[in-house]
Structure formats: C-alpha cells, structure tokens
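First, one chain by itself in structure tokens, the form predicted alone.
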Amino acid sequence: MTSRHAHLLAPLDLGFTQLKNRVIMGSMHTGLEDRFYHYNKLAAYFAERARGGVGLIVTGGISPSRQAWLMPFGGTLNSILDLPNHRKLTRAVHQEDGKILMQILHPGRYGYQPFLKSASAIKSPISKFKPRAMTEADVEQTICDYVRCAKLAQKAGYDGVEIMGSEGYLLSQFLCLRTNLRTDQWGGPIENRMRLSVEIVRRVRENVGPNFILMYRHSVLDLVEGGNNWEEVVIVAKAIEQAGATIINTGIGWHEARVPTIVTSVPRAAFRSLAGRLRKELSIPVVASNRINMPDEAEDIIASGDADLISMARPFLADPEFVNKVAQGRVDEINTCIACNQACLDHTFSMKRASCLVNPRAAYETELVYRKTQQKKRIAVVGAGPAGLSAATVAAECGHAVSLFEGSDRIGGQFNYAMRIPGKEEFSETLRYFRRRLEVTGVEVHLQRRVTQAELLQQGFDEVIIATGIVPRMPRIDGIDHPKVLSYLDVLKDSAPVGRRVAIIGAGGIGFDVGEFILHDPAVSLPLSLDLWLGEWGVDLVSQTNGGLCAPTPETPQRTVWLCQRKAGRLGTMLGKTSGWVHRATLQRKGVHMLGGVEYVKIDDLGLHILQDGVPRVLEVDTVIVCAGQDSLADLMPSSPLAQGPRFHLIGGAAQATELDAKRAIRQGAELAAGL
C-alpha cells in the first residue's frame, strides 16, 4: 500500500464486517441488468472490478416490483425465480474477494412505462408518461415491496442493499414539495414527507437483521425549485440513521435539474463540502460522490475528514483496475474518466447498453477480449489520434510488435484541441494515459514522421492500420478565401487572432466548442475555480434556499457571436443526450445568437451575407470561423487490395469523417487490434 494514498486504502470496520478500503464503485445502470440472458456478462463486468481492488460494488438500479419498473421488463428482484441470476453476480464478486450491494430503485414518475405512480400526479420532464398519485394502500404496498426485495437480495448472497433516495426518483418525489402535494400523513411538513423513506429503512432493517449493509443514497442538494434546504436534509439523514442505516451515501441533483453535476465541466470534487457538513451531524459513515475521478482528490477528502468513503461510478467504467493501480503506485497508468457521458449516460438514457468512450471493454468484457497472440505480427499504425492510439496499444498488449507513426510532434490528434475548450480540460488525462500506455506496452513511437505508402510496403509489416484522421472541410461560399475567414484548426491549433464580432459556420459539436472557446476570458485560468463555477450556474452550496439554487452570475462574454447552421430548427439537437443541454445553456447564457435555416451567400468586407428562411441578412462580423465538417484523410490506403504484402485497414476519422467521434474511433481501434 502506498503511503501517498494511505487514507483511501485503509480498511473500514462496520462492526459486523470490514471493507478492505474506502472506495465504492457507485451504482451505474448498464442495461445488462434488464435482461436475464445478460447476467453472465454482468457477472464478468462486476468480477473484473472486484478483481481490480474496489472495496464495495453497488449494482445498477433493480426494481422492487413490476409497478416500479424503470422500463418495461426492466431488472427486477421480486420473486425467488429471480434469485439464480442474481447469485451469478454475488458469486462472481465474492470469488474475487469483493463485496457487493444491490441498489433498490423505484423510479416513480421517472419511469419509461405507462403504469407509473408517484407521491402526486405530476408529470416529469424526462418521461412522456404522467404518474397516478399513490393511494395509502399503494404506499404500504411499496414499503412491503422494498422489504421483500431486500430479503431476496440477502438470499441471493448480496452483502447488503442500497436504497436509492436521491436523483429525483420516487423517494425524492415524496421528500420534496416540488412533487409532493399530499395532505395526508405522507405529505405536508418534512416529518411527513420523509415518512416513506424512514419506514422503508426501518422495516428493511427489521427483516434483514443487524449483519447486513444498508446504505441509503440521500439527496444533499436537489438543485431544483421546490427542493429541500439544508435543515431538512439533516433532519432526514438523522432519521434514516436512527431507522437503521449502516452508511449514508450522498446524491447531488435531480435528473431534471438545470445545473450540471457530473459532466466534465463540473470542477473535480465540487460537492465534497456537503458530505463534510453532513458527516458532522451523523455517527455512521458518510460517502462523498460526484466528479471524483482521481485518487489524489479522493485521498484528500478522506484525510481531511470530509467523508469516510468515496463513491466513484464512471471511473470504474474507464478503469476496472483503478484501486490496484493506486495501491501499487501506478497512478500514472490510470485510464481516467473524462466525464464525457457519451458511452455511459447517453447510452443509458437512449435504452442502449452502457460502455465507456476511453475503455470500450466496459460492459463488453466477455466480447472484447485482449488475448495474447499465438502469432506475433509486425504492425504499423499511422496516425496517433484516438483511433491510432487505441489500435497501437491494444495490439501491443496482445503481443504484437507495433510501430506508431505520427506526422506531428505529439500524440493525441483532435484531443489536443478538444482539451483547450473550457470545461474539457480532462481530455488531457486521456493523452497522459495513452502516453504512458505506449511505454508500458512497448510501442515503438515515431513522431514527426510522415511515412509514404511505399515505405510501409518496403518495411515488411504484416498489417498496416491507417488512422490518419481528417482535414477540415471548407464549404463552397463566395469569398471563402477572404482574410477574415478561419478554420476551427486555425483558432484551436494555431491560436489565430479572432475579432470581437464573430460568425461561426456550423453548429455541430465543433461549432459549440469553438463558441465556448472564443467566449471565454483568457485572463481567467482554466479549469474554472469552484467559486466561479458555482456563480456561473447559480449554486448555493450552503443550501439556505430550497434546492440550493441562487441567481447565476455568469462570466462576461468576450465577444458577440452568431452560431449558424443550414438545417432549420433548434441548434445542438445532435449533441450528447445528457450533456448537450449544458453546452446550449452555456452559449445562450452568454448571449450567442443561434440561427437555423441559414443559407450562406457570400463573405466580404461587410461580413457574412446569409439568407435565413429566405430573408437576406448581413452579419457584420470581423471573423468567420468555419466548423462545417471535415473530410477523411486516407491517402495512404491502397485503391484496391494488394496481391501481396501487408493487409491495410482504415479506422477512425480516416474511415468516416461525418462528425468527429472519439467513442467510435477508440472502439474501432480496439476491436480491430484485438482481432488481428
């Protein structure tokens, strides 16, 4: 154990059992929970994390009844017939010397099915179905459902359960006036609104006995109008402790909140102080959560007394060996979660299997396997962007001799520009990881080396992987060669000067990124300090107001910007499902003019001439930045398969450049390399 992270790696005695360290793999819904035929895959997924050293694992949400389905036929534990599948999970984790809790989750009005019930008949903004208000009989049945589910979890071999009382799910819906308009014993003052949560914990404890972990995930900052204030948060937590909880986990924000809580722009450990304040009120262990993705921050939280345990969810998608690497002093080898949401939450809320942009094996452990090769090959990878880095390191991990050629003086490709965007600084961690991975796997790296096809053919490679990426596309517009026109690479790569009034052509992900980049005050260092971020989004960590919201004080924009797209309608609809709204809100708050249905006529000294919905306009700008797509750079690919010599493969942006997609690029590189 390294002394640098001694507090994080120290065991925690719960009296009847001991956790081997202070790290919890928090609950994440992967989609594997929802189909019985996926439980072998789910078992392999959990086993790999237990083998990686995590002290306690929490499953994705499992419904205590059919009425409580998150989606039709979703993961449920309400019958002894469900036990065999769940025993696959507990057996797999225990064989790796791990511990696992099952999260009991009732979505209430957040469910994606028509039989929803909640505290009151108030529709949520994230489901098309309106719930019915629970009768008192429904409430009593729900308590019984939780108790039955917990007892079955105990029979299935789980070390305990987590009761989800956060993120705006059913128990939150009872706890807050926003969604609880009841006038009976389950509504009104906080003592009544918390009755359901307290009664569930009390009765579960009565039925499972004292030697079973009962963790309650408690919302300590709702971030919605009509949420609870700090005094109410503490009242509930104390009552939950008294009712028999072993651990209090902290949850931040409802899913419908208009404040980001886990995207990459949120400062690391932004909400740690809330766990620290709550810990002073309780005698049972308290867990800190949300945007904690590296061990130094986690160690400091424990060492300073802000929490007893750290919950990290997505970091264990990114790197199942996280804890072992910390214990072995290999922090520089951690594959860091960059909080992009692209393959995890975006997939979950689109009813797809979750995975991870930086680790495509996540939730695919039985399908994407990096086996040692029986036939060592010489492999050339051309291009050190995300696709090439993934292919090169996986191929080398599988035992091949890999040479990586990169024309520039650094690895990373488009990630080098992405990490310059305010709020995307975490992308640098992925490059740090790959830089170290190249060393560990023994890839031979050639920077500032532009190879030709003839050289690749002459050097005796068995396989050649072309991952040369893209070049920005310049649209055919009269005046596109005007001095005021720049490409996005001119701005992000070459730091070309940008005027005070700017038009951006193209409102995809790159257009939004460039907008955020040019609006940011260069005098304000990045990443933003916690105080500046709290002001930007109007968050009151003291939580004197209901929900912890206050008036935002956003950063003053540096420029006047018009963001334009050809397609009619709202801009940014193709951005990430769970993070796109953050980018839209950021630009809107800074006064960006968003124009859809634009036809570009010409660019001249006056500015950008357009037709919008057939009406001519002149945007009098100093600079026009083109973010109108890109073209594949695939010159090294043979026009037809070679009769002899190496096999050529095309991946990443070089294969498909319609929209830059690191998730697709990294998965393509890994899958190709694993199959060579």
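The numbering used is simple: start at 1 and walk along the sequence shown. Given the structure is predicted, the values throughout are model-derived calculations rather than measurements.
The form predicted together with a small molecule is left out here; the points below concern that form.
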So, in the predicted complex, is Ala662 in contact with the small molecule at a 4.5 angstroms heavy atom limit? yes
With heavy atoms only and a cut-off of 4.5 Å, decide whether Ala467 touches the small molecule in the predicted complex. yes
Is Glu162 part of the interface with the small molecule in the predicted complex - any heavy atom within 4.5 Å? no
Check whether Gln414 has any heavy atom within 4.5 Å of a heavy atom of the small molecule in the predicted complex, and answer yes or no. yes
Quick one: Leu357, Ala387 and Arg450 and the small molecule in the predicted complex, is every residue within 4.5 Å by at least one heavy atom? yes
Could you tell me which stretch in 130 to 138, 506 to 514, 104 to 112, 536 to 544 has residues with non-hydrogen atoms within 4.5 Å of the small molecule in the predicted complex? 506 to 514
Tell me, out of Ala243, Leu492, Cys176, Leu587, which residue has a non-hydrogen atom within 4.5 angstroms of the small molecule in the predicted complex. Leu492
Position in contact with the small molecule when the complex is considered in the predicted complex, options Gly75, Gly383, Pro260, Pro320, heavy atoms within 4.5 Å: Gly383
